[in-house]
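A single chain comes next, written as C-alpha cells; it is the form predicted alone.
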Amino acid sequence: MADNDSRAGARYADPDILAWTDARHAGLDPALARAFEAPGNEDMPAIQVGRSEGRLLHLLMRLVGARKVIEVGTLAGFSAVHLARGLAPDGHLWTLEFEPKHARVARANLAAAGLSDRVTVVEGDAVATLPTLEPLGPFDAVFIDADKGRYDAYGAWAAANLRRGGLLLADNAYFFGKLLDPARAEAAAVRRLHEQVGAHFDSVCIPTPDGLLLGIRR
C-alpha cells in the first residue's frame, strides 16, 4: 500500500541510497566534477546544488526546449553547466554573480566544459543587472539560487519576464529548514516568493533536501 505521508521522502532519504542513485542518474563527467569540486578547491562556500538537482535542471531545460535562460547566483558554475547543456542548439544562458572571484572561477569552469560561447557570466548586483537583460526576453526559464533576502524581488522579475509556459525554479525553498521562522527577514522573503509563485504560476515545491520551487508561468 502506498505511503501518503508527505514526509515519507525524508524518512527514506538514506545517504547510501542517495549516493547510489546519484551514481546511476547524475554522474559527474570531468567538466561537471571540476565545477562541483571547485568551491572546495578555491576556498569558496560549498553551497552549489546537489548532483541530482543539477541533473534535474538539465532535464527540465530539455523538456521545455529552453533557448533563453537566466540564472541568479552562479557560484562556481556547476548548475550553469547543467543548464547550458540542456539548452536548445541556438540557446544561451545568462548567469548573474555578485562576487568577482566566483565569476572568474565559473568562467574557467564553463570554458573547460566548452560552453563559453553559450553562457554569459554577468558580474554585479542582480537587482541592478537583471533590468539590463530585459530587452533579450521574454525568457524560457529563470533559476534562482542567490541571496535569500531578495528571493521575492527575483521572483517578481521572473514573473514579469518569463514567457507563458516558462519555468521559474528556486533552490532552498525551505530556507534551510527555517522557512516558517517569524523572526528571520530572509525567511519572510522566501515565503513571499512562494506566495508570488502561487499567484502567477502553476506550481509545486519539490521535496529535495532543502526544497526546489517549480512554477510554470500562466
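Heads up: residue numbers just count along the shown sequence, starting at 1. None of these values were measured; they are calculated from a predicted model.
Another form, the form predicted together with ligand SAH, is not on view; read the next lines as being about it.
Q: Might Ala141 be said to contact ligand SAH in the predicted complex, defining contact as any heavy atom within 4.5 Å?
A: Result no; Ala141 lies far from ligand SAH in the predicted complex.
Q: In the predicted complex, does Leu93 have a heavy atom within 4.5 Å of ligand SAH?
A: No.
Q: Residue-level contact is defined here as any heavy atom of the residue lying within 4.5 Å of ligand SAH in the predicted complex; does Ile47 satisfy this criterion?
A: Although ligand SAH is absent here, Ile47 would touch it in the predicted complex, with heavy atoms inside 4.5 Å.
Q: Find out whether any non-hydrogen atom of Gly86 is located within 4.5 angstroms of ligand SAH in the predicted complex, and reply yes or no.
A: The answer is no: Gly86 has no heavy atom within 4.5 Å of ligand SAH.
Q: Among 177-185, 24-32, 66-74, 160-168, mark the stretch whose residues have heavy atoms within 4.5 Å of ligand SAH in the predicted complex.
A: In the other structure, the partner sits against 66-74.
Q: Going by heavy atoms, what in 93-128 lies within 4.5 angstroms of ligand SAH in the predicted complex?
A: If the 4.5 Å heavy-atom criterion is applied to ligand SAH in the predicted complex, 93-128 yields Leu96, Glu97, Phe98, Glu99, His102, Gly124, Asp125, Ala126.
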